[in-house]
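Shown below, as structure tokens, is a lone chain in the form predicted on its own; questions about how it binds or moves come after it.
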Amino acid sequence: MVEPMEKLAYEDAYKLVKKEINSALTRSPRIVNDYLTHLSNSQGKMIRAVSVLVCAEDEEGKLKSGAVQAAAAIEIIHLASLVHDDVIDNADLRRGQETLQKKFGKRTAVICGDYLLSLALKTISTIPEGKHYLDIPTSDYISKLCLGELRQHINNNNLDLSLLEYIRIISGKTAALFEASFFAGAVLSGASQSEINMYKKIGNYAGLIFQLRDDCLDFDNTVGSAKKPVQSDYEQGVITLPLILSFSRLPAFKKKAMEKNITREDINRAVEEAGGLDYTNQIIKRYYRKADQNISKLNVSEEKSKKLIAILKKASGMKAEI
């Protein structure tokens, strides 16, 4: 148990976050315990939790203990969204193991996803001196995530989806939780309001980068390396940026898609011909530059700045140590 006023080193806080998440999942009521224990058997990259911890570091590189609960809560919200996504996508594999919906059924998975959201809110409510951190609008960010998912669902198979509307979708379904991570960490670090606003922008850009990189992985990865289904977005009705560009630049391909007469080979060939991956990577670089510019404006140590840049690198698929 961490004392409320105790400050932690990053490495110790990270270990405590993993412990907090594992404890929350494996010590739930008996009726739901088997299902959540199944989820605890595989660990994700925890990039959102890492973002909370890095942003929460003070000028000495230390963190208030509340950062542990905030990071764990946001990671549990993310896990809930994955459980629901797998139901929507009818996915069999996630993080290298059988999905909850595949192993236990869709109804059970939906209910477990809902339970995880309640568990996240309960976790964040245990932040020591929590009344001082009411500026962290966790429920608002959950709403943004849900609305982003709904916008994506409404636009399934929309071959006329614009770049602007697509960015709006991923700003909710992916970037919102990244922004929440940076926001929570900034508040816990004691940053000023102007700095908190910059952290939020960086988090938003990091989330957009992460999603756009994931869009590319659907075309240039394998199930083995991604540890989840790939080459499946279009089959699920999801229109991503590489496809938006392909439909825009190749009218014949779009016409064929409208007739529901395209194969995966047609899709891959069209994306390559239209330069869909190159275009998406250019957008990624644009958001990366914007995030980097905001990091340079923060009044933080060189070490913390390097860690924030490392998060951007991880989001964009580059190797980086934090």
Ligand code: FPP
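Small disclaimer: the values here were computed from a predicted structure and weren't measured. Numbering starts at 1 and follows the sequence shown.
One more form of this protein exists, namely the form predicted together with farnesyl diphosphate; it is left out here, but the text below deals with it.
K.L.:
Though farnesyl diphosphate is not shown, can you say which of Ala186, Leu100, Leu145, Ala72 has a heavy atom within 4.5 Å of it in the predicted complex?
P.N.:
For this set of options, the contacting one is Leu145.
K.L.:
Identify which of Arg151, Arg213, Lys200, His84 has a heavy atom within 4.5 Å of farnesyl diphosphate in the predicted complex; exactly one of them does.
P.N.:
Of the candidates Arg151, Arg213, Lys200, His84, His84 is the one lying within 4.5 Å of farnesyl diphosphate in the predicted complex.
K.L.:
Quick one: find which of 158-166, 201-209, 241-249, 84-92 has residues within 4.5 Å of farnesyl diphosphate in the predicted complex by heavy atom distance.
P.N.:
Answer to the contact question: 84-92.
K.L.:
Looking at farnesyl diphosphate in the predicted complex, is some heavy atom of each of Ile47, Thr138 and Ala180 within 4.5 Å of it?
P.N.:
No, because Ile47, Thr138 and Ala180 lack any heavy atom that approaches farnesyl diphosphate to within 4.5 Å in the predicted complex.
K.L.:
Ile77: heavy atom within 4.5 Å of farnesyl diphosphate in the predicted complex?
P.N.:
Heavy-atom contact with farnesyl diphosphate at 4.5 Å: present for Ile77.
K.L.:
Even though the partner isn't displayed, in the predicted complex is Thr123 close enough to farnesyl diphosphate, meaning a heavy atom within 4.5 Å?
P.N.:
Judged by the heavy-atom cut-off of 4.5 Å, Thr123 is well away from farnesyl diphosphate in the predicted complex.
K.L.:
Look up in the predicted complex whether Leu117 has a non-hydrogen atom within 4.5 angstroms of farnesyl diphosphate, and give yes or no.
P.N.:
It does: once farnesyl diphosphate is placed as it appears in the predicted complex, Leu117 has a heavy atom within 4.5 Å of it.
K.L.:
So which residues in 172-195, when you check farnesyl diphosphate in the predicted complex, have a heavy atom no farther than 4.5 Å from it?
P.N.:
Stretch hits, in order: Lys173, Thr174.
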